[in-house]
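A single chain, nothing else alongside it, follows as structure tokens in the form predicted on its own.
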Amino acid sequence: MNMIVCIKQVIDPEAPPASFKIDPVGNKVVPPQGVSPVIDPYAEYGVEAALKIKDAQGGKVTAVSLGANQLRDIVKKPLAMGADELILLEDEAFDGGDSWSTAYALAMAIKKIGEYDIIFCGREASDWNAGQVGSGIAEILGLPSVTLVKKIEPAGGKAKLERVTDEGYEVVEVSLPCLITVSNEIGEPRYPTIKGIMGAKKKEPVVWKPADIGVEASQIGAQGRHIKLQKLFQPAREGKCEMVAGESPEEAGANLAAKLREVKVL
């Protein structure tokens, strides 16, 4: 089985909310000082899903990441977990994209890789939470796609999948190659071993520029956006507290009820 996993370097979603700042002119988040970025947690589930199949059936796992100024110690985590190869789409031209331009660049990179049975993506990225890139890649490449998969059994050129729904799950069968998105239902991502971490340090990623995947700068990143971001801001959160008193608990309760009726809560 040849598997490709799309990963992403993101601002740590566990960082304190107070550390987030917005650049209102550039309409972008300012990376918080002193907080190291991480691999998108949803993408880690994709790595785990691929590695489970590799453990059971053998094969190759290739991780692909897109962005500018990707930190090697961060994006090498899939290698430390057990992936075989890391490809970085790394250039300023890739930066600032929307779901479409990101999906297009990743799809062209996957097309260049050539041989694959399953493409894995996280259900969404933890920074924008759009959940569109995986389905976009499948559409561009003309592949069947199944979202929110919790169990995968590939065999005989097909894969039997359990897909999470609001009521439970449904069982579907899909022909390979295909694209699958996963989340925490697939199982917790494994911790890199010391051997894996040391091995990852010795492996250098393959770096591709836009020309390497046959795309123009106008098709990717900020120039290739189909959506225009009008305004990015932090919502103002205000809270007001009014004490309702009374000479007795009964009177306080009656006053509270009257106040709730006044503001039309009751």
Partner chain sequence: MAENKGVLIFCETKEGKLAAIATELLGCGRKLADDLGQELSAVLVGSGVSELAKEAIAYGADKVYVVDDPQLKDYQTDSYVSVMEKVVGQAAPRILLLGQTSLGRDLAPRLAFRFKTAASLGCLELAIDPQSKLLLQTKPVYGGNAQAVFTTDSFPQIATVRAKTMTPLEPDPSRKGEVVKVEAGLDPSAVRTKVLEKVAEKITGIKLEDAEVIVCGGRGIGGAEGFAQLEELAKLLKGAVGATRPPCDNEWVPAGAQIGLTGKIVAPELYIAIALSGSSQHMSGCSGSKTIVAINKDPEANIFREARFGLVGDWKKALPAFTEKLKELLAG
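All of these numbers come straight from a predicted model, not from anything done at the bench. Note that the rigid core is defined as the largest set of C-alphas that superpose within 1.5 Å between two forms. Numbering follows the first chain given and starts at 1.
In what follows, reference is made to the form predicted together with the partner chain, a form of this protein that is not presented.
Of these, 86-94, 73-81, 144-152, 114-122, which stretch puts a heavy atom within 4.5 angstroms of the partner chain in the model of the complex?
In short, 144-152.
Partner contact for residue 156 in the model of the complex: the partner chain, 4.5 angstroms, heavy atom:
Outside the cut-off, so no.
Consider residue 24 of the chain shown here, and say whether it contacts the partner chain in the model of the complex, taking contact as heavy atoms within 4.5 Å.
Because no heavy atom of residue 24 falls inside 4.5 Å of the partner chain in the model of the complex, the answer is no.
In the model of the complex, residue 132 touching the partner chain (heavy atom, 4.5 Å)
Yes, contact at 4.5 Å.
Indicate whether residue 160 is a 4.5 Å heavy atom neighbour of the partner chain in the model of the complex.
Output for residue 160 is yes: heavy atoms within 4.5 Å of the partner chain.
Under the 4.5 Å heavy atom criterion, name the residues of 240-256 that approach the partner chain in the model of the complex, in sequence order.
The stretch 240-256, when checked against the partner chain in the model of the complex, contributes 240, 241, 242, 243, 244, 249, 250, 252, 253, 254, 256 at the 4.5 Å heavy-atom cut-off.
Rigid core fitted, then: does residue 13 show a CA shift of 2 angstroms or greater between this form and the one not shown?
No, the C-alpha moves less than 2 Å.
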